Structure formats: C-alpha cells, structure tokens
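First comes one chain, alone, set out as structure tokens in the form predicted alone.
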C-alpha cells in the first residue's frame, strides 16, 4: 500500500506524531511504503495511485487548496489528520484580522524585523478565509488531536491500512478526567494565571475555563491531569457535532449553570475573548460556523469573511 502525507497550513506536529509511534512504524513499513511526505523525505510532488493520504494542516492560501485537490485526485482514501485539518485549527484565528493587517504585522510590526522591511509580493495569495480540509474536499476519515496521541495512532494505523474501521472511544475529555465534580458556591470566572488550581476538584467548578466537557477525548485528559484547564485542542465533542442547536459556547455555559446554579445571562457576562478561549481550534470550520447558535459569524464579521 502506498502512503502519502501532505502538509498544508500547519506546524508539521501531526506528521511528527506519526513518527512518534516509534518501532510500530517499522512494522507498518514491512508491508506498506511511504511514497510522499515533505517533512520526512525529499520527494517534491505526490505520485499517482496513492492508496491512502494523510492531510495535515488547514487550507489558508491558494497553494494549500491546489495541493489538497491534487492529493484528493491522486489518492483512493484521504484522512484529515489533526485538528487543523479537521476543524481549521489555529490558522482559523487569522480570520479575525484582514489579510493586510496580518502581513503588515508579520513583516513590519514585530520587533525582530528591520526598519523599512517590505511585505513580500511573491507568496501564495490568501484565500478569503481559512478552511478545514473537509470543507473543500471529500474526506474518508477524520483523526482529531493537536497532535493525535501516539497510543491511539498505534491502534488506528494498522486497521486503516488493512481497510478496517477502527472502533475507538467516543467520550469527552471529562470522561477521562479523575477530578471530583459537585455543586459550587461563590463561583467566579478566573484567568489561567490567577492562583493555583486545587488538584482534586473540577477545574470548571473552580472558575477556570476548562473545555473538557465540550471537547472530544482520546488525549487521556493530559492537561487536567497536570493541573491545566483543557483548551479544546481535540475539537468539539460528539454531542456538539451531532446536534445543530449545540455549540461550544452555549454548551459550556449550560455546564457552568448546572454546576453553579447561576443564571445563564450572568455566566455569559463572565466569558472573555471567546474567539481565543472557546473557538481557538474550530473557528475555521464551516460545520461549526453554520450551527444555529454559533458565535463564529459575529466574531469574524469585522474581519475577512
């Protein structure tokens, strides 16, 4: 079986996560061949007749779109690998600013650039927005994660390469967390730098904006286990994906209401910078934007869409 790994607008962390399966990769290569991967081999263009292609990163510029359509045409199956490919990821946050503002900041606005530095003209033009891979091409499988954890890739890859459908847990990060939940009094939203969370009790109940209840699991609740609130890098939980009326914002508000007994309106007032705290990894997804209760359209109204 011929395997390809395509890189779009991302950090290459998802490709590295494939390498992190270590010796299992040797078992994969006994029967299969990686024929294209810009990060790990010097092949400039994907060949024809690819059996399965893993696409990482979002689609942010014209080159990304061109390469995505080419790999879709040449591959029998396409897998969106990682949260950027599945939901637009961090690249989607660029929609909060205009293209001109972004390029001016990067090439002229930071302290490390020389005075009088010009914005280069010979770069692939930005699309009018960021896209998840599945918004522009047919995808056969989605593997979320930023990046996907190696122990799940160890389970998933052999089955995918055999043409079998992996059977995996579909629970939220909360289901993997060992913290104690209970009713809360005197609740107030805290920024992450405020105080040190109690290791035993639910971070959301302590006032920290932990997205474990609205985030797809399979990460082992690594951040909450290390006293860090979940920031949603695995993408939305299945109940959000399945129900048009459920969105990250309204569901996290409901979770806090259930914990604290506070009115929803009061909880919403406590929210801050929801583009970077609630939609950090999903703002570039048309699936999430098109939800009836989504706040994404309001967030990017003054930006580039």
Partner chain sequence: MKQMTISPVTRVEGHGEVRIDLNDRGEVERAHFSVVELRGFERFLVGAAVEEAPRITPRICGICPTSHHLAAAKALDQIFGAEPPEAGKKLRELMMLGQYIHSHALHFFMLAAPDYLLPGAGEGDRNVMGLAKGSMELVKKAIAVRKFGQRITEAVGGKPIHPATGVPGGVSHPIQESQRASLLQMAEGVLAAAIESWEIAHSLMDKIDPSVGLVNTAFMGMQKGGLFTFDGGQVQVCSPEGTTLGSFSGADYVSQMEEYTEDWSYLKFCRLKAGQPYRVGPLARLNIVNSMGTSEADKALAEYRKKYGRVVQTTLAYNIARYVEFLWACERAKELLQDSALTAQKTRTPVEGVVNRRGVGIIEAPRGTLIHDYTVNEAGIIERCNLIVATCQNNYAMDRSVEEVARRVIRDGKPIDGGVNLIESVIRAYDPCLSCATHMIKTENGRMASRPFIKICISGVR
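Throughout, rigid core stands for the largest set of C-alpha atoms superposing within 1.5 Å between the two forms. Positions refer to the first chain, counted from 1. Because the structure is a prediction, the values reported are computed rather than measured.
From this point on, the text means the form predicted together with the partner chain, which you will not see here.
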| item | value |
| --- | --- |
| Triplet 105, 191 and 297 all within 4.5 Å of the partner chain in the predicted bound form via a heavy atom | yes |
| Partner-facing stretch of 47-55, 27-35, 244-252, 263-271, counted where any non-hydrogen atom is within 4.5 angstroms of the partner chain in the predicted bound form | 27-35 |
| Heavy atom within 4.5 Å of the partner chain in the predicted bound form - the one residue of 109, 163, 166, 169 that qualifies | 109 |
| The partner chain: the contacting residue among 146, 174, 204, 157 in the predicted bound form [heavy atom, 4.5 Å] | 146 |
| Any non-hydrogen atom of residue 227 within 4.5 angstroms of the partner chain in the predicted bound form | yes |
| The partner chain contact in the predicted bound form: residue 39, any heavy atom under 4.5 Å | yes |
| is_contact(residue 183, the partner chain) in the predicted bound form, heavy atom dist at most 4.5 Å | no |
| The partner chain contact at residue 141 in the predicted bound form, heavy atom, 4.5 Å | no |
| Interface residues of 273-288 toward the partner chain, as seen in the predicted bound form [heavy atoms, 4.5 Å] | 273, 276, 277, 280, 281, 286 |
| Yes/no, residue 113 Cα shift of 2 Å or more between this form and the one not shown with rigid core fixed | yes |
